[in-house]
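Consider the single chain below, provided in structure tokens and representing the form predicted alone.
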């Protein structure tokens, strides 16, 4: 009897197994899933803040993780088109295939920007559905989070109320934080900036920044020194106040431009997990403060 009681106590003391296994392609959606699901979810993130999510190897370790996932959260809009279909196919997991309930695309919940009027691979890394970097505008997390919470509730009805309340708490806090960030960022409205990669359309739309040039000759193509010199000369009349790159980008182009144009080079975290961006709140607090410091 004593032995049985010890066994039962040990079982009762074991941590509860997460009800929903989530495979997130990028850190921002993994962080959002944790905000909504809390202890009810077990989240694996396939990439880090120092990786370009366009270019990822479909490693066996990713395929193994996808094999047991209940929910796959992707950005969509062709961000992961070079590797995610391989992971889905090789996983053999019917739950997370495109079109199934266990596959969720964040881009489907928001208004897309920079939708191309023509499609030509000669133009570089162009996405047919528009710019996929929707995570640079905090307002998008409200729409994505609402859809994600509903999908999580659909997949795990036993914890549906937890997902709904998790999203509601996040949304209330998030709306208040957005208002604070917008007040702090007011001096940035109308400021001219140069981007290393065209990754910031949603951030600029949110804060009213003006992109007057991009260092890459085509999206995803590393600029030569001759091209950087051309951008410097062409952008001079617009008088940009800073040049912006993501933490995962090579520093060389923006540092060269900053020196030549005599403007600050501002490094933004881009997603959760970059320096000073441990979670979603820190991601945008750091972004706003670094932009203001660039002034």
Partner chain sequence: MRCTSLIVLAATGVLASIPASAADADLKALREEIAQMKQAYEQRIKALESRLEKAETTVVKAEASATEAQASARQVAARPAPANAFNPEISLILQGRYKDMKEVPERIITGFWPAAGHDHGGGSGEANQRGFSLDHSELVFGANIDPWWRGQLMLGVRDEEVEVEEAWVQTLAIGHGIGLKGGRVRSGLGYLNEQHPHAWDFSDAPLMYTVMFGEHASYAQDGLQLKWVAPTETFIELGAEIGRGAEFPGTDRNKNGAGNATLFAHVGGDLDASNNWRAGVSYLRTRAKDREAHFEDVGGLEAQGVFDGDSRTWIADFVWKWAPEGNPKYRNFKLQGEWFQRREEGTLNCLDEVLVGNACDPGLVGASVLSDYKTRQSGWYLQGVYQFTPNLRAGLRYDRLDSGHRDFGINAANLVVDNYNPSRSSLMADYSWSEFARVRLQFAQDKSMQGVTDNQVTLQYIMSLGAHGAHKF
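Keep in mind that what you see is a predicted model, and the values were worked out from it rather than measured. Numbering follows the first chain given and starts at 1.
We do not show the form predicted in complex with the partner chain, though everything after this point is about it.
- The partner is absent here, but in the model of the complex a heavy atom of 222, alone among 146, 222, 211, 114, sits within 4.5 Å of the partner chain.
- Checked against the partner chain in the model of the complex, the residues 131, 75, 159, 91 give one hit for a heavy atom within 4.5 Å, which is 91.
- Residues of just one listed stretch (25-33, 264-272, 225-233, 42-50) have heavy atoms within 4.5 Å of the partner chain in the model of the complex: 42-50.
- In the model of the complex, residue 258 stays away from the partner chain, with no heavy atom inside 4.5 Å.
- Although the partner is absent here, residue 82 lies within 4.5 Å of the partner chain in the model of the complex, judged by heavy atoms.
- In the model of the complex, the partner chain sits within 4.5 Å of a heavy atom of residue 58.
- The partner chain in the model of the complex comes within 4.5 Å of no heavy atom belonging to residue 169.
- Using a 4.5 Å cut-off on any heavy atom, the residues of 61-81 that reach the partner chain in the model of the complex are, in sequence order, 61, 63, 64, 65, 67, 68, 81.
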